[in-house]
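Just one chain is shown here, as structure tokens, and it is the form predicted on its own.
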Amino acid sequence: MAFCEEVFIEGLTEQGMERVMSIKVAINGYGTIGKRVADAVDAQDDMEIIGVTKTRPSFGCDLAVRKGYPLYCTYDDESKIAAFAAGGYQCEGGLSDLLEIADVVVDCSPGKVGASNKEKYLAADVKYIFQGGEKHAMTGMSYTSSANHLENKNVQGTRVVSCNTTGLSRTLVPLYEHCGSLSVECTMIRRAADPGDSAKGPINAIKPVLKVPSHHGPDVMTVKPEIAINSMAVAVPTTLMHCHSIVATLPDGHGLTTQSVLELWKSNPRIIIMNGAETNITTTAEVMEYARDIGRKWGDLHEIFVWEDGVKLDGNTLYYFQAIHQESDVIPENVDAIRALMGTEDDWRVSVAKTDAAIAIYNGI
């Protein structure tokens, strides 16, 4: 395992020097999530990308080369490594070579391969972060920035929960912290596939997830077990976003109104609240168009989008809708998780502010 470099910057202290920790980050799996995590990490001044992996020469390698990210093979097999050179790419070695120089690896490989990768990370004595496609039991720890940053401090490895679970945590954790208890029923209206995925469906159907609860509710409880939550899910033929229909039961004496719930969410990061009627943003297609209009890279929306006019508190029952961009809401959480594992920031809000400000500058907004 490598150690964080101490980079010296002139003119920042009385002695003319300041030590800034540079965390060496490897990305195992440079695909939909991996390329976004890599750019978010690259934007931070306390981290650096020391390599990304691909399974074989492909068009994704071109992006890594343009970004200046060292390219490694997902495997240690010499023939697979040699295939990169044959494809016109400089490959620095296999995964083991990359792990030797890393402080932490962010695993963005396809789901269900985490167990074999975890063995490699443990053997290399490197910290590791998996994505929500893996089970909580594999890591024993899960992460969202607002729910359990400190609990993940200095642990060996964790799992950033899925896009849907991250979205639920963003709005439910502030409610729980205000009320002291919370009971939730929610329905996930899920996109059938990502925009770049041509192998999935349904094309002309609504497909219920015939497992109750769906994994989303139990997943929330891996980061905030105090929230009592059940969930159901259906897949619909769209690629743009997920939409959540949420019913939360608040305890007696909660002291909230519809407006104060909105203000509570506005005081928390990574939540966007807009009035659909006033803005004419009433569908997920228009939310994605909004993200493109404000100049977000890839048209991403890291924040959770809540329709103000779809929020209603009736007595103890809160109803609301929110939209989740499945390709990007977990990206800044991965950056915060790196700081938690490396023990470089105790306050989740400080990490979130730093992460988001750096990403905004990187995107030129």
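In this text the structure is predicted, and so the values were computed from the model without any measurement. Start at 1 with the first residue shown and count on from there.
The same protein has a further form, the form predicted in complex with ligand NAD, not shown here; the description that follows concerns it.
Among heavy atoms of residue 332, none comes within 4.5 Å of ligand NAD in the predicted complex.
Looking at residue 194, you'd find a heavy atom of it within 4.5 angstroms of ligand NAD in the predicted complex. Remark: residue 322 does not count among the residues lining ligand NAD in the predicted complex, judged by a heavy atom distance of 4.5 Å or less. In the predicted complex, ligand NAD sits within 4.5 Å of a heavy atom belonging to residue 54. Shown alone, this chain has one stretch from 102-110, 141-149, 282-290, 83-91 that lies within 4.5 Å of ligand NAD in the predicted complex by heavy atoms: 102-110. Contact with ligand NAD in the predicted complex, defined as a heavy atom within 4.5 Å, holds for exactly one of 208, 225, 202, 133, namely 133. This chain appears without its partner; in the predicted complex, the one residue of 187, 238, 214, 74 with a heavy atom within 4.5 Å of ligand NAD is 74. Contacts with ligand NAD in the predicted complex, taken as any heavy atom within 4.5 Å, map within 317-335 to 326, 327, 330.
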